[in-house]
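Given next are two forms of a protein chain, the same chain in both, each as structure tokens and marked structure 1 or structure 2.
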Structure 1
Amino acid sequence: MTRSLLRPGVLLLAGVLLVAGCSAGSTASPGAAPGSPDAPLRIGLTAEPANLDFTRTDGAAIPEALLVNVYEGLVQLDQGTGEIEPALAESWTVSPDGLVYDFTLREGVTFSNGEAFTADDVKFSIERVRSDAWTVSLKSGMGVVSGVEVVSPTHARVTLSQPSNSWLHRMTTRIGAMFDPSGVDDLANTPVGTGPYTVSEFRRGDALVLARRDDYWGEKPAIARVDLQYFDDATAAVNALLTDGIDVIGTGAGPRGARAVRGDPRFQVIEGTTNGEVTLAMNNAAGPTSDPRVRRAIAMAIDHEAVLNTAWAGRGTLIDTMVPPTDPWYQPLPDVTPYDPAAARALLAEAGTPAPSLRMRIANLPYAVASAQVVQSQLREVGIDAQIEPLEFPARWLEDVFRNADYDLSIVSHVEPRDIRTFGDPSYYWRYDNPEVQRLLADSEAGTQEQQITDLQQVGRLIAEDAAADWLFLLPNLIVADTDVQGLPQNRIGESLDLTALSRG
């Protein structure tokens, strides 16, 4: 009896061993052995794009995969210094009044559909952003352009309606991507750009496969094929890395990912900063938080260091306003709303709402859910009752919080570069309407660079003093990768995960 009792179990175990054993020598990725030049580099990411069309679908996932890699702009950001550098434009000049930009285009550039890239495409692409074809909110960045002129096939002239210090920087984001008129029919599935990679396959729910172009105009990347594999959570991605299912965790490794491989010589951890301000948004127009005293009380009730330590294992940077340290107008403002529960309670009493009840409608993302629980607990200490309600991100959060501003508190990470400008838009979901801030933001567009820095520092201070929002921390750039992968970006300051510098060796 004992024998027959054991048999199924033994068989089962044998089966496991058999299948496990079979593969001991085999490779995790079919086709080529890892390390061979043809092996794909498998990069794990979180947040799979819903489709590949960033002209009509919001969210960071699409430009993360496609910008720089598949699409290129006239200019791009240097990932190290944050400086604007030439891309499809070899060089450019700006008229003294700051209104006319003359771009000299690179020659011999082709789109992945074989069409040549010329000044006509520049005109087409910029005007397309301004048309109804583009629907994402970032398109407003092109609003300052009044006209595009094709001077010659390699010379495009862009005229602005007013001077803008930020326009060229915005041209490094997705709205600056160059399209071919014959390549925009099915952007959701078939992107056509000038970049070094093309999308060779998009297996939804699994991976986006990028293949190197042989006819790329510039220096060809070292990696012939990159598989961007999408995971629902950090755990699955880390497990995949540990079991050689992927080579790199590009985003979403989180502090746990970094800790999981600590001391393991097979892996390296790269840590830097991002643009991702994890922001506690407060409704400035409705509910108890429309009172600045309540907002200040909330900001002072939160021990930001404890939030960072608890929710994100201390990885990340504390910031006091909507500016990451990589922006020129970064400034620490430690004294504006210091952690002071007693003062918070006093402010609440002064506002006549000693125990407000608030709806904290957050994105259901790991950092937000984790931070929310710490914030909720700290707010309780000063008498604020915050009810956490995770909303599916993106759809439901976008609908309820972002579009309808139906919230008191919310937590989401704002990853767009230089998004301090959102505080100048009263219809943005902060619902923050401060004429002084709006004036400073407008001024910052026109003056010198020094003037721009002074103005934006002033804005940063004003919104912190008003507690227009509270900034919990800046997400770290945490990349965990096999030791032999080189060229991974230290900081993530643009919209894209730049794959062009990667190599193995």
Structure 2
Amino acid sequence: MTRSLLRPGVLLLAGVLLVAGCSAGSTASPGAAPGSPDAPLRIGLTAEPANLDFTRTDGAAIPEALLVNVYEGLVQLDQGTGEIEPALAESWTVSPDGLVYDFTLREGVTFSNGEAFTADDVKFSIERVRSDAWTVSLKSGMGVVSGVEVVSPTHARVTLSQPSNSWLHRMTTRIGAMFDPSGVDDLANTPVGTGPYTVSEFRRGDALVLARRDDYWGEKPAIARVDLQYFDDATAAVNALLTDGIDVIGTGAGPRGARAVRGDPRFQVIEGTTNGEVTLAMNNAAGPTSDPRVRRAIAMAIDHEAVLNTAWAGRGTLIDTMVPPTDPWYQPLPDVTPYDPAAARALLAEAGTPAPSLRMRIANLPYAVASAQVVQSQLREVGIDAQIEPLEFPARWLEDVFRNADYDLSIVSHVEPRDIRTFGDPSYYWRYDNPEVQRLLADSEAGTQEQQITDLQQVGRLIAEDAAADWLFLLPNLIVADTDVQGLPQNRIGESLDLTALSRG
């Protein structure tokens, strides 16, 4: 078990099968042998995008593949430090009252369709998030914007309705992606961005192929073509790596992949941290879990160390609330809901439900399936009958659990940065409604950085005390790759799988 941060790594939810031929627009050689300089880099992942439109489709798989690589924002997140750094904006200033952001844009930037990127696109992109064109839950992060002004082609001014400590950080996520007005007609199939790659092929259930842009405005990536290959299970991904079907596998293969290559000089293992909280969600508004005593009983019935050791071979970090150690407001809270089966039974009896039957509708991803089996066994020990139902991820899980909250328990990894704020939204699939949490989240936006940390620490404690959910562990950033693959990031604390620094030695 890992309680302290390890040296970080890459990849979270994603994947694809080997693409035989060279895709349109790719500069890789169709006949290049695997491992040669001209060959595509083949990355195996486990959560496949349902389509390519993250403006209308929730889930992590689409921004994982496209953000930074195909779409860029004004700012981006440094995966090593967590600091906000320039992207399409070369610099920015903030007014003393925290309401006005002036962005100076880079010159010479073009979209993949040849259109120039200007402040008009900034205005279009931000206003579009606030319109009905965007439907994903994260769009609420743009609600604080009151207006966008085009001062000049290279100067965009964004005015907020009130100070917001989180808005610029949220601009590093998918809601900060810049779009060309003429390139949004078919986002599900044809993304148009300013990034160094374009989507040259997308075969649902098979492959997502990214090809390097020869006309990219910045430093061009070393890898001309990346094949993202999606696998249904860890065994298939590991076998593909061992038989030279892919070059890299991410967290989908997990500890099994690391064990499979132990001592093999052909491969390297990188292990670090992510912000992927493997969360046992509980429906706060319906069924037995609407009673906080039942939720606390569930949390106290779970031996989290045993879950981590059994489900993920001890690789990861135990957390006590919706805050990874890389967030400034991280705090250990081991005494809030300690492992105590006797206390769990007493709480169930007090709630009048000594033997509840619950539907545990989980994402059909390796970490979720493995964790659910351990949790089911532990809950059975205190009288809870949790029936596991794996749902296809992302499509069915998003529809049944995320959108319709048709579940009692669920398990999925939440990879969006600083997602503690989801507990301030009663419509989010937790269906958690706590006015004090909502007040603290609002207060955390306007004060000093020190006040923000204090407010969000209080939020973390409150949601843990309410057992608004239960946090099983934090996924490690665990990558297994051929030894000649270089530039694999040590940390994964944002939404994107950044391909731009990868190369082959």
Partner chain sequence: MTRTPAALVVGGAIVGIVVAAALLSFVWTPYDAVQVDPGTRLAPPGFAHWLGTDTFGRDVVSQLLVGARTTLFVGVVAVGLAGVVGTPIGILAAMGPPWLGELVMRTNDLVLAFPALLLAIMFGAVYGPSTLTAMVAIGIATVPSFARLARGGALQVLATEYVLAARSAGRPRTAIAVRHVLPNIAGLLLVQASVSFAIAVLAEAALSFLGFGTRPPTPSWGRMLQEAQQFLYLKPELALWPGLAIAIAVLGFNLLGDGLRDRFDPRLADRR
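Not measured: the values here are computed from a predicted model. Between two forms, the rigid core is defined as the largest C-alpha subset superposing within 1.5 Å. Sequence positions of structure 1, starting at 1, serve as the residue numbers.
**Student:** Determine, for this pair of isolated chain forms, which one is the form predicted together with the partner chain.
**Tutor:** Pick structure 1 here.
**Student:** Does H155 shift between structure 1 and structure 2 by 2 angstroms or more at the C-alpha, the core having been superposed?
**Tutor:** The answer is no, as the C-alpha of H155 shifts between structure 1 and structure 2 by less than 2 Å after core alignment.
**Student:** Given a superposition on the rigid core, I'd like a yes or no on whether A87 shifts its C-alpha by 2 Å or more between structure 1 and structure 2.
**Tutor:** No, the C-alpha position differs by under 2 Å between structure 1 and structure 2.
**Student:** Can a Cα shift of no less than 2 Å be assigned to E277 between structure 1 and structure 2, given superposition on the rigid core?
**Tutor:** No.
**Student:** L348: how far does its C-alpha move between structure 1 and structure 2, core aligned, in angstrom?
**Tutor:** Displacement of the alpha carbon, after core fit: 4.3 Å.
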